[in-house]
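Just the one chain here, laid out as structure tokens, in the form predicted on its own.
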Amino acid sequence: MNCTNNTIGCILYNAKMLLKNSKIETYSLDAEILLCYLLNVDRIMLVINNDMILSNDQIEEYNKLINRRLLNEPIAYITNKSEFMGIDFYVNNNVLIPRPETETLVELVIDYIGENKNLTILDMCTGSGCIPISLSKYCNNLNILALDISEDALNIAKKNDISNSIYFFKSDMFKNIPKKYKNNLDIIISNPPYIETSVIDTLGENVKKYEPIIALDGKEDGLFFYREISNNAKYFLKPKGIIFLEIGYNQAQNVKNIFLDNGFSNISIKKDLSGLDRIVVVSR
């Protein structure tokens, strides 16, 4: 039975039941996050103010948010916010929502950098900018470049870089990288599109309907961008340069073979917190 008054407790209950009946697994958390977003409060305030009356306008706006979630639109796109590495990033459907798995990639790079300074780092397919911005926050004295083929994605990344410490530029992979960076990069990082084209239609509605296909589609076998990086990285890395790549859970051996075929021999595979192969590390 629906609750019929306009208190926070009642409105939340009705929203949770709607989401639950639509098979939204995180129905309770989602309903609370959306109301917090609307009221600009934290979740504890919802509990403390359980009996607070909402205005008709507030209820109408909240219902609009819930209806978007009922259509499987991700919470991050509704609220324009996603947390990554302890940082809140602005996101919309021009960029992928940062994934927890990618934190493993960033943490590995941070460990590698250690106390080293004045390193020149390139992040390819930067999207929201979550990788280079996180590195900029947790490491000192880095020269960081980040590229993406999407102008819309770059605008989001620049919006997120509140320190204006990163050089963002538009490029189709290596094509527009300034010549001065040839043989001058210490680290190349990328979380490129790696899903096979034929698999895109099998993804959940929240992904295939809302997230940018250009950031998901790794072409026919999902390995196109790893070949591009393998074919070109040697022209931009310093002699002792290193590459960090996020991969799909079942792509480790194929990506390793791509780099072996291009003359790279020092290759290791790292797992994410779920125990799945997630990062390929390649040294010159």
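Start at 1 and count along the sequence shown; that's the residue number. Quick caveat, the model's predicted, so the values are computed rather than measured.
We do not show the form predicted together with a small molecule, though everything after this point is about it.
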| query | finding |
| --- | --- |
| Proximity to the small molecule in the predicted bound form, single hit among I214, L203, I87, I110 (heavy atom within 4.5 Å) | I214 |
| Residue among M173, I166, L142, L185 with a heavy atom within 4.5 Å of the small molecule in the predicted bound form | M173 |
| The small molecule in the predicted bound form: contacted by all of P98, T102 and C130, heavy atom 4.5 Å | yes |
| C125 within 4.5 Å of the small molecule in the predicted bound form, heavy atoms | yes |
| Contact label in the predicted bound form: S136 to the small molecule, heavy atom within 4.5 Å | no |
| 4.5 Å heavy atom contact, S150 to the small molecule in the predicted bound form | yes |
| Distance check, P193 to the small molecule in the predicted bound form, heavy atom within 4.5 Å | yes |
| Heavy atom contact within 4.5 Å of the small molecule in the predicted bound form, the stretch among 214 to 222, 235 to 243, 30 to 38, 54 to 62 | 214 to 222 |
